[in-house]
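Next up: a single chain in structure tokens, the form predicted on its own.
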Amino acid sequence: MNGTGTNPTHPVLVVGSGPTGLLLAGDLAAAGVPVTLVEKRPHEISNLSRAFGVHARTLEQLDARDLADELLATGSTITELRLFRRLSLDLGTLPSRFPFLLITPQYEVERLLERRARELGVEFRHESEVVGLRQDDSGVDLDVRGPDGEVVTHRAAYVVGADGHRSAVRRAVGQPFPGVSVIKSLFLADVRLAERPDSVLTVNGAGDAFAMIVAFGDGWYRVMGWNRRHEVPDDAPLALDEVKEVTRRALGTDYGMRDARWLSRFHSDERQAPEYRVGRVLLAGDAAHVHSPAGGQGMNTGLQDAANLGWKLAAVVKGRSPESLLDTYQAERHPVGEAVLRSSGGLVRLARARNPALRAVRALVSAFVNAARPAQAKALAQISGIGYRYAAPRGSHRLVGTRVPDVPLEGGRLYEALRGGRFVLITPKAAEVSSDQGSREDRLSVERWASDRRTTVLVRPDGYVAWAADGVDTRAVWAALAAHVG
């Protein structure tokens, strides 16, 4: 196919089949948008990567896709996060159906998202590498080298780069990736243990050594650590003996570590692209931002990118919304990426503190957050992802831009109603709202509160408030539906 300068033959091409790309591709396909997913790796090579924690907000998004309960069965949950030995965060207080952190390997998340994407008709092209990109006012030409070595140009209306921190798409559109390395040398290993740790998550630092062991629940354990006195390049050889030694120094034992199926080194960067949208090309997940591993927010932030972008891109491609809707992706998600950079970076710097002044600051922060409930609630909301809200236009109702929890409705609960990928209009019980639902049935569900609440709320497909009003004003509802749903 040589599509240069012709009309698009692909509505959307998504590059990268990690969690972000898989969720996005599945959402587009669910909305009726044909999508092709391009992946450099062969299909049979599992992505044994570093993520292992799924936070509450991500589980809510997976619940809206009827995947959360199945994912929960693959791992274990923890309700307390302990940081710096002194700081304890009680996840059980989160106002969510999922008041915990799910510990499960990233490949389990990918397995469910890939199955969903394939069932919805996403076309996969593995062993396919992006080697060039050009765009004009009507589309994008993506040069892809296939498994046979031949370079084929694919013409798409839009391209999304979800191809990781070394993103070929980001480089092709000339986006810089400014930032710094916060930890220069870490190791990861998946191992079996002869002795079982007391908890799902075991973490400690001693002197120049740090180690963390996470139980996947299937007999495998993820080990992550560093030795401040042994900082080496990512491609330096790594042996299990080194992992065991650092773990013993940090935790007092290596738990009889053996049978490593995966050993890897990496360095932890803090970087963010200035623009998530460059014309008809968009960036998501690690292609747009990378963070330190502190707080386990990387994969979760990428999945939230996908949830935000998918319904918007579908609305634009199907002609229901103007292309300017895509600008709100940058406006909403870029500040969240910045906030995650600050919070995760702050955590890792405090964890690695050697200066007495910084150690004193760490002790003060721990004592304050432990003692002050509002501070703890704010920290929990940020780490779990449920506390982020999007900026609302001037004069909007106070709820616009906020996340909606899984509220009970007369016909069930909200995140069940969101499973169709549609907007959900929630009205008071006694309201008689003619929403012209017949012409919008494929993109709007009308529900009633199970309680006596008097607010009328239009919930976006990603679970955030698009519009709200106190009471019921039929004309205002019509106007809101025309503006947001189309």
Ligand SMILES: Cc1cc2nc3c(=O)[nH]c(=O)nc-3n(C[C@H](O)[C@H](O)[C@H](O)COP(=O)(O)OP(=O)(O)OC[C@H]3O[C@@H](n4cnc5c(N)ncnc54)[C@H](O)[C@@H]3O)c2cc1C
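Quick caveat: nothing in here was measured; it's all calculated off a predicted structure. Heads up: residue numbers just count along the shown sequence, starting at 1.
Keep in mind the form predicted together with the named molecule is missing from the figure; the text below concerns it.
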* Asked: What is the one choice in 425, 59, 38, 28 with a heavy atom within 4.5 Å of the named molecule in the predicted bound form?
  -> 38
* Flag residue 245 as yes or no: does it have a non-hydrogen atom within 4.5 angstroms of any non-hydrogen atom of the named molecule in the predicted bound form? => no
* Asked: Can you check whether residue 417 is within 4.5 Å of the named molecule in the predicted bound form, heavy atom basis?
  -> no
* To do: Would you check, heavy atoms only and a 4.5 Å threshold, whether residue 297 touches the named molecule in the predicted bound form?
  => yes
* Can any non-hydrogen atom of residue 269 be found within 4.5 angstroms of the named molecule in the predicted bound form? -> no
* Asked: the named molecule isn't shown here, but in the predicted bound form, which of 247-255, 155-163, 336-344, 231-239 has heavy atoms within 4.5 Å of it?
  -> 155-163
* Asked: Taking 275, 308 and 385 as the candidate spot, are all three within 4.5 angstroms of the named molecule in the predicted bound form by heavy atoms?
  -> no
* So which bits of 11-29 sit within 4.5 Å of the named molecule in the predicted bound form, heavy atoms only? -> 15, 16, 17, 18, 19, 20, 21
